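A single chain comes next, written as C-alpha coordinates; it is the form predicted on its own.
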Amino acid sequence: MRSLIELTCYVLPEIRSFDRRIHREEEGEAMYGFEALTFNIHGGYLEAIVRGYRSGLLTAADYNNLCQCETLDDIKMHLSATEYGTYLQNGALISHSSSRCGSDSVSRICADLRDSGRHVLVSYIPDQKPDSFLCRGIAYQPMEKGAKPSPLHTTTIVEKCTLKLLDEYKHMLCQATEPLSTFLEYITYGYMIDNVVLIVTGTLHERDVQELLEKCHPLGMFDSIATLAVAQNMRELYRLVLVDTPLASYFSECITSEDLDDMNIEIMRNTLYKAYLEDFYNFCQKLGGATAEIMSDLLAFEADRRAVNITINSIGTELTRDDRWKLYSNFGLLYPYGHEELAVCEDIDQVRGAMEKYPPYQSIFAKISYGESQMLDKAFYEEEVKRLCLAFEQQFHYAVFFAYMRLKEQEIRNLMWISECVAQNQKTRIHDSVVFIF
(Lines give C-alpha, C1' and ligand atoms only; values in the text may rest on other atoms or scores of the structure.)
Protein backbone atom coordinates (compact mmCIF):
# COMPACT_ATOMS: atom_id res chain seq x y z
CA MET A 1 0.00 0.00 0.00
CA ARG A 2 2.86 2.33 0.88
CA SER A 3 4.60 1.57 -2.41
CA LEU A 4 1.40 2.35 -4.31
CA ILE A 5 1.07 5.69 -2.53
CA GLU A 6 4.71 6.55 -3.23
CA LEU A 7 4.25 5.62 -6.91
CA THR A 8 1.12 7.77 -7.15
CA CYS A 9 2.89 10.72 -5.52
CA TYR A 10 5.75 10.38 -8.02
CA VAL A 11 3.80 9.68 -11.22
CA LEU A 12 0.93 12.16 -10.82
CA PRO A 13 3.14 15.30 -10.89
CA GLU A 14 5.02 13.88 -13.89
CA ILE A 15 1.76 13.32 -15.77
CA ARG A 16 0.62 16.86 -15.00
CA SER A 17 3.98 18.21 -16.13
CA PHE A 18 3.73 16.17 -19.33
CA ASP A 19 0.22 17.53 -19.97
CA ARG A 20 1.52 21.07 -19.54
CA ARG A 21 4.29 20.41 -22.10
CA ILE A 22 1.76 19.05 -24.60
CA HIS A 23 -0.45 22.10 -24.01
CA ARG A 24 2.49 24.45 -24.60
CA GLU A 25 3.33 22.67 -27.85
CA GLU A 26 -0.23 23.05 -29.10
CA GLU A 27 -0.02 26.77 -28.36
CA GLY A 28 3.05 27.03 -30.57
CA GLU A 29 5.92 27.03 -28.08
CA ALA A 30 9.06 25.06 -28.89
CA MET A 31 9.17 21.67 -27.19
CA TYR A 32 12.56 20.01 -27.26
CA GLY A 33 12.87 16.26 -27.16
CA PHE A 34 9.16 15.46 -27.55
CA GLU A 35 8.85 15.61 -31.35
CA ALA A 36 8.31 11.85 -31.58
CA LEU A 37 5.01 12.11 -29.69
CA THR A 38 3.09 14.22 -32.20
CA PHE A 39 5.24 14.64 -35.33
CA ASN A 40 3.81 11.68 -37.25
CA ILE A 41 0.24 12.98 -36.94
CA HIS A 42 0.82 15.52 -39.70
CA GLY A 43 4.42 15.08 -40.82
CA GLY A 44 5.01 11.32 -40.75
CA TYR A 45 3.68 10.59 -44.24
CA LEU A 46 5.67 13.36 -45.92
CA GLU A 47 8.85 12.51 -44.04
CA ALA A 48 8.51 8.95 -45.36
CA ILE A 49 7.91 10.34 -48.85
CA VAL A 50 10.98 12.58 -48.82
CA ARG A 51 13.17 9.76 -47.49
CA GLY A 52 11.88 7.64 -50.36
CA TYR A 53 12.78 10.42 -52.80
CA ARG A 54 16.23 10.55 -51.26
CA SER A 55 16.80 6.85 -52.01
CA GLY A 56 16.35 7.69 -55.70
CA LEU A 57 19.32 10.09 -55.83
CA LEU A 58 22.15 9.06 -58.12
CA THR A 59 24.97 7.12 -56.48
CA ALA A 60 28.73 7.15 -57.10
CA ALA A 61 28.30 4.12 -59.39
CA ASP A 62 25.76 6.08 -61.48
CA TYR A 63 28.15 9.01 -61.81
CA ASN A 64 31.00 6.70 -62.80
CA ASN A 65 28.84 5.26 -65.57
CA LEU A 66 27.74 8.73 -66.70
CA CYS A 67 31.35 9.88 -66.87
CA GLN A 68 32.05 7.03 -69.33
CA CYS A 69 29.36 8.20 -71.75
CA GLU A 70 30.48 9.35 -75.19
CA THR A 71 27.34 11.23 -76.28
CA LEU A 72 24.29 12.89 -74.76
CA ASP A 73 22.19 9.98 -76.02
CA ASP A 74 24.33 7.66 -73.88
CA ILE A 75 23.61 9.87 -70.86
CA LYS A 76 19.91 9.80 -71.66
CA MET A 77 19.96 6.01 -72.00
CA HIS A 78 21.62 5.60 -68.60
CA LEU A 79 19.27 8.08 -66.90
CA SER A 80 16.30 6.24 -68.39
CA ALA A 81 17.09 3.36 -66.03
CA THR A 82 16.87 5.70 -63.01
CA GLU A 83 14.05 7.75 -61.49
CA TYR A 84 14.38 10.17 -64.41
CA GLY A 85 13.22 7.55 -66.91
CA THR A 86 9.62 8.80 -67.10
CA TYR A 87 10.74 12.35 -67.82
CA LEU A 88 13.23 11.47 -70.55
CA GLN A 89 10.97 9.37 -72.75
CA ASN A 90 10.88 10.05 -76.50
CA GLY A 91 8.30 12.55 -77.63
CA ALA A 92 7.50 16.15 -76.92
CA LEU A 93 6.33 17.15 -73.50
CA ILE A 94 2.77 18.45 -73.81
CA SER A 95 1.68 19.12 -70.27
CA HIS A 96 2.61 18.54 -66.68
CA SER A 97 0.22 19.13 -63.85
CA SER A 98 -0.48 18.58 -60.20
CA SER A 99 -4.02 19.45 -59.19
CA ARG A 100 -7.01 18.39 -57.12
CA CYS A 101 -10.02 16.98 -58.91
CA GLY A 102 -12.85 14.50 -58.48
CA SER A 103 -12.67 10.87 -59.53
CA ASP A 104 -14.89 11.52 -62.60
CA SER A 105 -12.64 14.37 -63.70
CA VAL A 106 -9.57 12.13 -63.53
CA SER A 107 -11.11 9.61 -65.94
CA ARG A 108 -12.41 12.33 -68.28
CA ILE A 109 -9.07 14.16 -68.47
CA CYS A 110 -7.15 10.95 -69.21
CA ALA A 111 -9.66 9.89 -71.86
CA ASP A 112 -9.53 13.28 -73.62
CA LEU A 113 -5.73 13.24 -73.72
CA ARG A 114 -5.58 9.68 -75.04
CA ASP A 115 -8.24 10.41 -77.69
CA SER A 116 -6.07 13.25 -78.98
CA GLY A 117 -3.23 10.78 -79.60
CA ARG A 118 -1.13 11.60 -76.56
CA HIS A 119 0.61 9.23 -74.20
CA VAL A 120 -0.47 9.92 -70.65
CA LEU A 121 1.36 8.95 -67.49
CA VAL A 122 -0.94 9.86 -64.64
CA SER A 123 -1.26 8.88 -61.00
CA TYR A 124 -3.74 10.00 -58.40
CA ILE A 125 -3.98 9.48 -54.69
CA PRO A 126 -6.80 10.21 -52.21
CA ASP A 127 -6.76 13.81 -51.00
CA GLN A 128 -7.90 15.12 -47.63
CA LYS A 129 -11.25 16.21 -49.09
CA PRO A 130 -14.00 13.59 -49.66
CA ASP A 131 -14.20 12.21 -53.20
CA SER A 132 -11.17 14.30 -54.18
CA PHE A 133 -7.88 13.18 -55.63
CA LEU A 134 -4.48 14.74 -56.12
CA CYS A 135 -3.93 14.15 -59.83
CA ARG A 136 -0.32 14.27 -61.00
CA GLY A 137 0.30 13.62 -64.65
CA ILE A 138 2.65 14.05 -67.57
CA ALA A 139 1.31 14.00 -71.14
CA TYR A 140 3.59 13.27 -74.08
CA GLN A 141 3.00 13.66 -77.80
CA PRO A 142 4.36 10.44 -79.37
CA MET A 143 6.63 10.73 -82.40
CA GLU A 144 5.12 9.93 -85.76
CA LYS A 145 6.16 6.69 -87.40
CA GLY A 146 9.49 7.08 -89.15
CA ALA A 147 10.16 10.48 -87.62
CA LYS A 148 13.59 11.13 -86.16
CA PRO A 149 13.87 12.37 -82.59
CA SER A 150 14.91 16.00 -82.18
CA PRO A 151 18.60 16.61 -81.36
CA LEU A 152 19.32 16.21 -77.67
CA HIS A 153 20.80 19.21 -75.87
CA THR A 154 22.14 19.76 -72.38
CA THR A 155 19.32 22.20 -71.65
CA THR A 156 16.77 19.48 -72.47
CA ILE A 157 18.26 17.08 -69.93
CA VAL A 158 18.45 19.79 -67.26
CA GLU A 159 14.86 20.92 -67.91
CA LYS A 160 13.48 17.39 -67.60
CA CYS A 161 15.43 16.76 -64.39
CA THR A 162 14.22 20.06 -62.95
CA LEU A 163 10.67 19.10 -63.94
CA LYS A 164 10.95 16.00 -61.77
CA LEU A 165 12.08 18.13 -58.82
CA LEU A 166 9.15 20.48 -59.39
CA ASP A 167 6.70 17.56 -59.47
CA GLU A 168 8.05 16.16 -56.20
CA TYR A 169 7.94 19.56 -54.51
CA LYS A 170 4.34 20.22 -55.58
CA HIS A 171 3.29 16.80 -54.31
CA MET A 172 4.81 17.50 -50.90
CA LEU A 173 3.35 21.01 -50.74
CA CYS A 174 -0.16 19.80 -51.61
CA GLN A 175 -0.06 17.28 -48.75
CA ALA A 176 1.60 19.55 -46.16
CA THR A 177 -0.16 21.28 -43.29
CA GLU A 178 1.05 24.15 -41.13
CA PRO A 179 3.80 24.80 -40.20
CA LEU A 180 5.39 22.44 -42.75
CA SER A 181 3.66 24.15 -45.68
CA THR A 182 5.17 27.49 -44.67
CA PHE A 183 8.57 25.83 -44.26
CA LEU A 184 8.34 24.42 -47.81
CA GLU A 185 7.35 27.83 -49.17
CA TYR A 186 10.41 29.38 -47.55
CA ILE A 187 12.58 27.04 -49.62
CA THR A 188 11.30 28.61 -52.85
CA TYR A 189 12.06 32.22 -51.87
CA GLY A 190 15.71 31.85 -52.84
CA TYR A 191 14.66 30.77 -56.35
CA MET A 192 12.32 33.78 -56.53
CA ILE A 193 15.21 36.13 -55.75
CA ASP A 194 17.35 34.53 -58.46
CA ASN A 195 14.51 34.85 -60.98
CA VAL A 196 13.96 38.54 -60.14
CA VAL A 197 17.66 39.27 -60.61
CA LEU A 198 17.73 37.28 -63.87
CA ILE A 199 14.78 39.21 -65.37
CA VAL A 200 16.07 42.62 -64.27
CA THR A 201 19.62 41.94 -65.45
CA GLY A 202 18.43 40.56 -68.79
CA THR A 203 16.14 43.55 -69.34
CA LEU A 204 19.04 45.89 -68.59
CA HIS A 205 21.00 44.22 -71.41
CA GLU A 206 17.96 44.35 -73.76
CA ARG A 207 17.25 40.63 -73.78
CA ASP A 208 13.85 39.32 -74.83
CA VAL A 209 11.53 38.90 -71.83
CA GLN A 210 10.07 35.61 -73.08
CA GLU A 211 13.55 34.18 -73.51
CA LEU A 212 14.40 35.23 -69.95
CA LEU A 213 11.22 33.66 -68.57
CA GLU A 214 12.18 30.34 -70.13
CA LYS A 215 15.47 30.46 -68.22
CA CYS A 216 13.81 31.16 -64.86
CA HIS A 217 13.70 28.37 -62.31
CA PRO A 218 10.15 26.94 -62.11
CA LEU A 219 10.23 26.85 -58.30
CA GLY A 220 10.69 30.63 -58.23
CA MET A 221 7.88 31.67 -60.56
CA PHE A 222 5.08 34.02 -59.49
CA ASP A 223 2.18 35.69 -61.33
CA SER A 224 3.62 39.16 -61.99
CA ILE A 225 7.17 38.11 -62.85
CA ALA A 226 6.82 39.08 -66.54
CA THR A 227 6.14 42.72 -65.61
CA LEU A 228 9.53 43.11 -63.93
CA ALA A 229 10.86 44.50 -67.22
CA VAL A 230 9.00 47.81 -66.78
CA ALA A 231 10.87 48.84 -63.61
CA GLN A 232 13.60 51.47 -63.96
CA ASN A 233 14.77 51.54 -60.33
CA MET A 234 14.34 49.56 -57.13
CA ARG A 235 11.49 51.75 -55.87
CA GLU A 236 9.45 51.05 -59.00
CA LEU A 237 10.44 47.39 -58.86
CA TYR A 238 8.87 47.15 -55.41
CA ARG A 239 5.83 49.37 -56.01
CA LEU A 240 4.75 47.93 -59.36
CA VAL A 241 5.63 44.24 -59.04
CA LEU A 242 7.01 42.83 -55.81
CA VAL A 243 4.67 44.43 -53.28
CA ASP A 244 2.24 41.48 -53.62
CA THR A 245 4.89 38.73 -53.50
CA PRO A 246 6.49 36.97 -50.51
CA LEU A 247 9.67 38.99 -51.19
CA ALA A 248 7.99 42.31 -50.34
CA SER A 249 9.13 42.31 -46.71
CA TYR A 250 12.76 41.80 -47.76
CA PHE A 251 12.91 44.99 -49.84
CA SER A 252 12.88 47.42 -46.91
CA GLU A 253 16.68 47.73 -46.92
CA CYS A 254 17.21 48.07 -50.66
CA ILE A 255 14.48 50.47 -51.82
CA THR A 256 16.29 53.41 -53.45
CA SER A 257 15.67 55.71 -56.37
CA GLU A 258 18.99 54.82 -58.02
CA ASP A 259 18.85 53.45 -61.54
CA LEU A 260 19.29 49.71 -61.93
CA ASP A 261 22.81 48.90 -63.14
CA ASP A 262 24.95 45.78 -62.77
CA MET A 263 26.45 46.90 -59.44
CA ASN A 264 23.12 47.93 -57.88
CA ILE A 265 21.47 44.71 -59.05
CA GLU A 266 24.15 42.58 -57.34
CA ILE A 267 23.80 44.65 -54.17
CA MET A 268 20.03 44.11 -54.38
CA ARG A 269 20.52 40.34 -54.79
CA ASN A 270 22.76 40.03 -51.74
CA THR A 271 20.60 42.34 -49.63
CA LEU A 272 17.52 40.25 -50.45
CA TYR A 273 19.37 37.03 -49.65
CA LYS A 274 20.53 38.44 -46.34
CA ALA A 275 16.97 39.37 -45.33
CA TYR A 276 15.65 36.01 -46.59
CA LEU A 277 18.20 33.89 -44.71
CA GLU A 278 17.66 35.85 -41.48
CA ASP A 279 13.87 35.48 -41.79
CA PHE A 280 14.14 31.75 -42.53
CA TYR A 281 16.56 31.33 -39.60
CA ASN A 282 14.17 33.08 -37.19
CA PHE A 283 11.24 30.98 -38.44
CA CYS A 284 13.17 27.76 -37.79
CA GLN A 285 14.10 28.97 -34.31
CA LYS A 286 10.41 29.42 -33.53
CA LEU A 287 9.71 25.83 -34.62
CA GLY A 288 12.21 24.58 -32.04
CA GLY A 289 13.30 21.01 -31.47
CA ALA A 290 15.49 19.10 -33.91
CA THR A 291 14.30 21.31 -36.78
CA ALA A 292 15.79 24.40 -35.15
CA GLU A 293 19.00 22.60 -34.22
CA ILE A 294 19.72 21.15 -37.68
CA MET A 295 18.46 24.08 -39.74
CA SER A 296 20.52 26.50 -37.65
CA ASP A 297 23.66 24.65 -38.72
CA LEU A 298 22.63 24.43 -42.39
CA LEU A 299 21.54 28.07 -42.67
CA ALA A 300 24.61 29.28 -40.75
CA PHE A 301 26.82 27.46 -43.25
CA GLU A 302 24.92 29.08 -46.13
CA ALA A 303 25.29 32.52 -44.54
CA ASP A 304 29.03 32.03 -44.00
CA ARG A 305 29.54 30.80 -47.57
CA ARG A 306 27.74 33.84 -48.94
CA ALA A 307 29.90 36.09 -46.76
CA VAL A 308 33.05 34.54 -48.26
CA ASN A 309 31.71 34.83 -51.82
CA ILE A 310 30.69 38.46 -51.31
CA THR A 311 34.17 39.26 -50.01
CA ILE A 312 35.99 37.55 -52.89
CA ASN A 313 33.71 38.98 -55.59
CA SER A 314 34.00 42.52 -54.21
CA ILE A 315 37.82 42.57 -54.16
CA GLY A 316 38.99 45.29 -56.51
CA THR A 317 35.56 46.94 -56.76
CA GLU A 318 34.24 50.22 -55.37
CA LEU A 319 32.46 48.51 -52.46
CA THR A 320 33.70 49.90 -49.15
CA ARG A 321 34.19 48.07 -45.88
CA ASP A 322 30.83 49.31 -44.63
CA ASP A 323 29.11 48.21 -47.85
CA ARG A 324 30.44 44.68 -47.41
CA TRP A 325 29.42 44.61 -43.76
CA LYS A 326 25.82 45.48 -44.63
CA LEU A 327 25.60 42.47 -46.97
CA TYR A 328 26.71 39.92 -44.35
CA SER A 329 23.97 38.00 -42.47
CA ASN A 330 23.60 38.66 -38.75
CA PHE A 331 24.11 35.03 -37.74
CA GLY A 332 26.46 32.17 -38.47
CA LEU A 333 29.80 30.96 -37.21
CA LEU A 334 31.60 34.00 -38.63
CA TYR A 335 29.25 36.49 -36.97
CA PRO A 336 30.41 38.99 -35.79
CA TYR A 337 34.21 38.76 -35.49
CA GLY A 338 34.79 36.84 -38.70
CA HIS A 339 32.78 39.46 -40.58
CA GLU A 340 35.03 42.19 -39.23
CA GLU A 341 38.08 40.44 -40.68
CA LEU A 342 36.44 39.63 -44.01
CA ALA A 343 35.29 43.23 -44.47
CA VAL A 344 38.89 44.47 -44.70
CA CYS A 345 40.35 41.65 -46.83
CA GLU A 346 41.96 42.78 -50.08
CA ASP A 347 42.96 39.46 -51.67
CA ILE A 348 42.16 35.75 -51.52
CA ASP A 349 45.08 34.97 -49.21
CA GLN A 350 43.75 37.38 -46.58
CA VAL A 351 40.35 35.71 -46.85
CA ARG A 352 42.05 32.37 -46.37
CA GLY A 353 43.88 33.63 -43.28
CA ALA A 354 40.64 34.85 -41.73
CA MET A 355 38.76 31.61 -42.45
CA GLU A 356 41.46 29.23 -41.23
CA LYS A 357 40.86 30.49 -37.69
CA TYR A 358 37.59 28.56 -37.72
CA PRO A 359 38.15 24.76 -37.63
CA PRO A 360 35.05 23.80 -39.68
CA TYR A 361 36.32 25.93 -42.58
CA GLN A 362 39.99 25.17 -42.17
CA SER A 363 39.57 21.84 -43.98
CA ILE A 364 37.81 23.58 -46.88
CA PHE A 365 40.64 26.03 -47.54
CA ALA A 366 43.20 23.26 -47.09
CA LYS A 367 41.95 21.78 -50.38
CA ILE A 368 42.95 24.83 -52.44
CA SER A 369 46.36 26.33 -53.08
CA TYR A 370 47.38 29.83 -52.07
CA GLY A 371 46.31 32.55 -54.47
CA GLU A 372 43.59 30.56 -56.26
CA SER A 373 39.84 30.46 -55.73
CA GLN A 374 38.63 28.40 -58.72
CA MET A 375 38.11 25.22 -56.67
CA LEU A 376 36.62 27.01 -53.67
CA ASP A 377 33.03 26.58 -54.87
CA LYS A 378 33.45 22.82 -55.24
CA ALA A 379 35.03 22.59 -51.75
CA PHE A 380 32.04 24.43 -50.27
CA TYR A 381 29.60 22.23 -52.19
CA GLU A 382 31.31 19.08 -50.90
CA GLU A 383 31.08 20.31 -47.32
CA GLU A 384 27.44 21.28 -47.80
CA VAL A 385 26.57 17.83 -49.17
CA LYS A 386 28.10 16.19 -46.09
CA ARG A 387 25.99 18.35 -43.80
CA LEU A 388 22.84 17.77 -45.83
CA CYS A 389 23.32 13.99 -45.72
CA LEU A 390 23.75 14.14 -41.94
CA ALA A 391 20.29 15.75 -41.68
CA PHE A 392 18.78 12.37 -42.64
CA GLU A 393 20.42 10.68 -39.64
CA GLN A 394 17.77 12.17 -37.32
CA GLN A 395 14.01 11.82 -37.45
CA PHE A 396 10.95 13.92 -36.61
CA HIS A 397 12.13 17.22 -38.08
CA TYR A 398 11.60 19.37 -41.19
CA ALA A 399 15.26 19.79 -42.14
CA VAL A 400 15.07 16.64 -44.31
CA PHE A 401 12.88 18.55 -46.78
CA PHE A 402 15.40 21.36 -47.07
CA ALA A 403 18.24 18.84 -47.31
CA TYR A 404 16.56 16.87 -50.08
CA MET A 405 15.85 19.95 -52.18
CA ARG A 406 19.48 21.06 -51.91
CA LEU A 407 20.82 17.58 -52.69
CA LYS A 408 18.56 17.38 -55.72
CA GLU A 409 19.78 20.79 -56.84
CA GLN A 410 23.37 19.57 -56.55
CA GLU A 411 22.50 16.45 -58.54
CA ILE A 412 21.09 18.59 -61.36
CA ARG A 413 24.27 20.71 -61.32
CA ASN A 414 26.30 17.52 -61.64
CA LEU A 415 24.24 16.32 -64.59
CA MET A 416 24.51 19.69 -66.30
CA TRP A 417 28.31 19.73 -65.93
CA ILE A 418 28.72 16.14 -67.15
CA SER A 419 26.42 16.80 -70.12
CA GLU A 420 28.30 19.98 -71.07
CA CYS A 421 31.66 18.22 -70.88
CA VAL A 422 30.40 15.37 -73.08
CA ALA A 423 28.74 17.72 -75.56
CA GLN A 424 31.88 19.87 -75.88
CA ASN A 425 34.25 16.88 -75.96
CA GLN A 426 35.99 17.99 -72.75
CA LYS A 427 35.86 14.68 -70.88
CA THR A 428 39.23 15.35 -69.22
CA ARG A 429 37.53 18.05 -67.12
CA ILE A 430 34.48 16.00 -66.26
CA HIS A 431 35.56 15.37 -62.64
CA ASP A 432 36.46 19.01 -61.94
CA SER A 433 33.02 20.04 -60.71
CA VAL A 434 31.17 16.79 -59.97
CA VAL A 435 30.27 16.45 -56.29
CA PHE A 436 29.41 12.89 -55.28
CA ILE A 437 26.44 12.69 -52.93
CA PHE A 438 26.76 9.03 -51.88
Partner chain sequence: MSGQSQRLNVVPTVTMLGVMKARLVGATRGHALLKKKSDALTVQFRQILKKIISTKESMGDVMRNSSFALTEAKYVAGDNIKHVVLESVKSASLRVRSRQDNVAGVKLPRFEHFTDHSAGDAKSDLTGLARGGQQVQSCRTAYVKAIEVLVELASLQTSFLTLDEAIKTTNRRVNALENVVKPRLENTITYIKGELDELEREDFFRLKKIQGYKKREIERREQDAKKYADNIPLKTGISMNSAHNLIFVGAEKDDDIIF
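Positions refer to the first chain, counted from 1. Because the structure is a prediction, the values reported are computed rather than measured. For the two forms, the rigid core is made up of the largest set of C-alpha atoms that agree within 1.5 Å on superposition.
Form predicted together with the partner chain: not shown, discussed below.
Exactly one listed residue, out of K367, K357, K215, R321, brings a non-hydrogen atom to within 4.5 Å of the partner chain in the predicted bound form: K215. Contact with the partner chain in the predicted bound form, defined as a heavy atom within 4.5 Å, holds for exactly one of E341, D167, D297, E266, namely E266. The stretch among 40 to 48, 54 to 62, 393 to 401, 408 to 416 whose residues place heavy atoms within 4.5 Å of the partner chain in the predicted bound form is 408 to 416. Judged against the partner chain in the predicted bound form with a 4.5 angstroms heavy atom cut-off, the residues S224, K326 and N330 are out of contact without exception. Using a 4.5 angstroms limit between non-hydrogen atoms, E70 is distant from the partner chain in the predicted bound form. Contact check for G289: no non-hydrogen atom falls within 4.5 Å of the partner chain in the predicted bound form. Proximity of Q285 to the partner chain in the predicted bound form: non-hydrogen atoms within 4.5 Å are absent; the residue sits far from the partner. When contacts are judged by a 4.5 Å heavy atom cut-off, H153 does not count as touching the partner chain in the predicted bound form. Of all the residues from 299 to 327, those having a non-hydrogen atom no more than 4.5 Å from the partner chain in the predicted bound form are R306, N309, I310, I312, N313, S314, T317, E318, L319, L327. Relative to the superposed core, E185 undergoes a Cα shift smaller than 2 Å between the shown form and the other one. The Cα shift for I225 between the shown form and the other one, taken after rigid core superposition, is 2 angstroms or larger.
Once both forms are fitted on their rigid core, the CA atom of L165 lies less than 2 Å apart between the shown form and the other one.
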